[in-house]
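One chain comes next, on its own, written as structure tokens: the form predicted on its own.
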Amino acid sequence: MKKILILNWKMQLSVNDSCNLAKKIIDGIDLEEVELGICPDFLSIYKISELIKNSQLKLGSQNTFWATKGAYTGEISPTFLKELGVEFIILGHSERRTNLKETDEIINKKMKTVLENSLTPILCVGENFEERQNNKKDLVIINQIRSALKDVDLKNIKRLIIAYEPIWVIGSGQAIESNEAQETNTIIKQTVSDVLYNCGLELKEKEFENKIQILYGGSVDSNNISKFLKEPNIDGVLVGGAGIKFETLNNLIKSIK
């Protein structure tokens, strides 16, 4: 399977900047060997969807609401996003957990709605520095996954992506070692497998791997990306800062190849 590269542009690019970068990616990057998804801000999604409709680029959203319609001022429905060609939706990013006080309950409600509407969630999990220092990293991640998937109908799940992002390295320029990411992703994979089993679903290994992908995120750059992607339980990366400039993104793609 192709390695997955998801770009989270956060609130870094204007609409014009986002469109210009999308055009450069379409014209200047060979995507035959990688699945590349871009997650622009809400204001840019419509224009981006028009730009990339005949390309290999895939469209994602940085967030969504847990209801498809209603009196929810300022929120965005997953069905509206789907109408624009959105395929991926980032859920539970640490910046939203911290800055906007998103709880496990909120993330769980969003997870249910995203899956019910045949969209692919990218569930972000990860520990902060204090939790790491207190040897609670694995427990924190396991609980985040179990909470996000609580009472979720997984019988007809088509695809689920989980991104391990240690909170304390995001934006720091300091990534963890690839072998630690591999070990953590193994725990993530086993946790998802346990959740599926508890739902009465015994998936064959090949089928499991086709439906569940585990990513790493946190200070990924062209110098370390190949190390992460060589690990057997890392199916791709979630990229922030390195994905908002064409030159650094192009270097990432070249490093993957």
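Numbering starts at 1 and follows the sequence shown. Just so you know, these numbers come straight off a predicted model, no measurement behind them.
Same protein, other form: the form predicted together with ligand PGA, not shown, and the subject of what follows.
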Go through 72-80, 132-140, 92-100, 147-155 and give me the stretch that gets within 4.5 Å of ligand PGA in the model of the complex, heavy atoms only. 92-100
Exactly one residue in L249, V239, I234, A22 has a non-hydrogen atom within 4.5 Å of ligand PGA in the model of the complex; which is it? V239
Quick one: from L119, I187, I106, V169, grab the residue that has a heavy atom within 4.5 Å of ligand PGA in the model of the complex. V169
Report whether the minimum heavy atom distance between E165 and ligand PGA in the model of the complex is within 4.5 Å. yes
Contact with ligand PGA in the model of the complex for N224, defined as at least one heavy atom pair within 4.5 Å: yes or no? no
Contact test in the model of the complex: P40 vs ligand PGA, heavy atoms, 4.5 Å: no
Is it the case that S219, even though its partner is missing from this view, gets within 4.5 Å of ligand PGA in the model of the complex, heavy atoms only? yes
May I ask you to list the residues of 1-23 that have any heavy atom within 4.5 angstroms of ligand PGA in the model of the complex, in sequence order? N8, K10
